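A single chain, nothing else alongside it, follows as structure tokens in the form predicted on its own.
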């Protein structure tokens, strides 16, 4: 698969245009409008602003993401979790910044569809006959339709994304070029001197970096979508995309300068103003189409992000669907609803795209800083770069990104608090799931299976005990081949012992590679106890039942472990093998005595777990015969019980109803 992604063909290049650049490609809809705002047009403002946009794209998008970060591909896959999977062995503390980066990226995805679609639809106000048309209902209708059709998959219309975005970038280039011809001196803005003067001489120059930053917000999504087409295709297409973007930005700036010094925009959007009047309706349609594709990319990216978080034990288990046969295309109903509600509320709250600019960008700056931090580990430990060189690169990007963060921070009271609040909720959710599971695992005791070998053989052959199943399969967390959880042994030898012909212990191991799917088998006790380890990549949704049955079929076909001469429990009435899976779930014992922090953390974890997807469905056991057992978790037992004995008194003839 990785090999095929590395190929460069006309088809793969077209796919890259359609999938990778939706977010960053629609930035011209609002970047210059955000920079200029209602300020009087001056050469320092326009030239300096567009110069900052250009150098931001050079340093952040081109150098950091296209050149450096794309080297951190995990078997062809990208994104913050893929990067974390590559470097997590080098520091146990990387998990916490990764949670923060993933949470802020997910929160920023809630504002991307509203601002992109709203910016495009608001172009209708440039048409005299539609000047007063209400755009909010149209934006909500488009976004709602987009989320509604997610359940059917995008494979049927996805093939049109490439040509559509190619048309979009072509339009950007042509419109910008015509304006540059009218004011060619705008090309002087490529000089970094104008950016320097803008930051040092213009009164609001530094604060306006928050608006400039909008030109590169899609760079993180670009890295996340790497797995769709491979880094060679991304790097080649970026050359074209960058030229088209800069031509349009320069064209908008040229139009602004043609308005004259001191002119005010009065709510005009330079993007639509550079269009000829006869082309306006076509331009709005194409812009809306590009905004929808950009939104689709963010939605799909959010599904992938949550699926990876769930597989890495950072997210509650939720139902995952595969709407098509296209590998990697998933649909998560709960995330779809969450994003739809968030997007609609954003539109209703902010009403106009200009207001959304205040909320956009603050959260994603945090994601970019986290990516820079993780990337430094990758460059040092995986690529073996010189630490001094990596230190200089880290200082460079830290300076840029901290400046962007400070500039964006002033947006906090104007709407930035919304994405920060949403990010904080996601961080709390991820931390609770991660910490709760870690505590739960810490109190899992393992025992040596060899100590119980004779008892297991004896129980298997004891016909006085009713047979529970021919094949009894326990899901285990034990990595070591000779170990098993103590609670599993207790479950087998409980008051009603679980007799079976064969005891299987099945361990699902999540790997740091995205699409690993391998297994190994160890016979611990001849024909009685078998340990199976299945290695599953962090981007794959486990289907344990299917995996196990296929493994058994292969063992029988290869005449291994004597399974081919054993009865499998099938009958003439039912030819299905007699498999029973046992899943042991923990619950919080009432014997615990917590501090306030521990109580909030563990009670929240088990509350979330209660309403999450059940273990049997999460592990793909929904079609099997599954036995669920509950086991109490005693984390902090009550150490002191003040119980005083009283003298016995004759019982009253009247009961108070207590037990």
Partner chain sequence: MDHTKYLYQYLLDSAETEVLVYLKNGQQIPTSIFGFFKNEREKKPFIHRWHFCNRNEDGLVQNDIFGNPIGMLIDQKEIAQIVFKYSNKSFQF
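In this text, all values refer to a predicted model and were calculated from it rather than measured experimentally. Numbering follows the first chain given and starts at 1.
Missing here is the form predicted in complex with the partner chain; even so, the following discussion is about that form.
Just one of 448, 261, 527, 204 comes within 4.5 Å of the partner chain in the predicted bound form, counting any heavy atom, and that one is 448. Only one of the listed residues (455, 151, 188, 382) places a non-hydrogen atom within 4.5 angstroms of the partner chain in the predicted bound form, and that residue is 455. The partner chain is not shown here, and in the predicted bound form it never comes within 4.5 Å of any heavy atom of residue 373. Contact annotation for residue 549: none of its heavy atoms lies within 4.5 Å of the partner chain in the predicted bound form. Proximity of residue 541 to the partner chain in the predicted bound form: non-hydrogen atoms within 4.5 Å are absent; the residue sits far from the partner. With a 4.5 Å cutoff on heavy atoms, residue 322 does not count as touching the partner chain in the predicted bound form; it lies far away. Picking from 240 to 248, 480 to 488, 270 to 278, 206 to 214 the stretch near the partner chain in the predicted bound form, with a 4.5 Å limit on heavy atoms, gives 480 to 488. Within 4.5 angstroms of the partner chain in the predicted bound form, the stretch 82 to 105 places a non-hydrogen atom from 92 alone.
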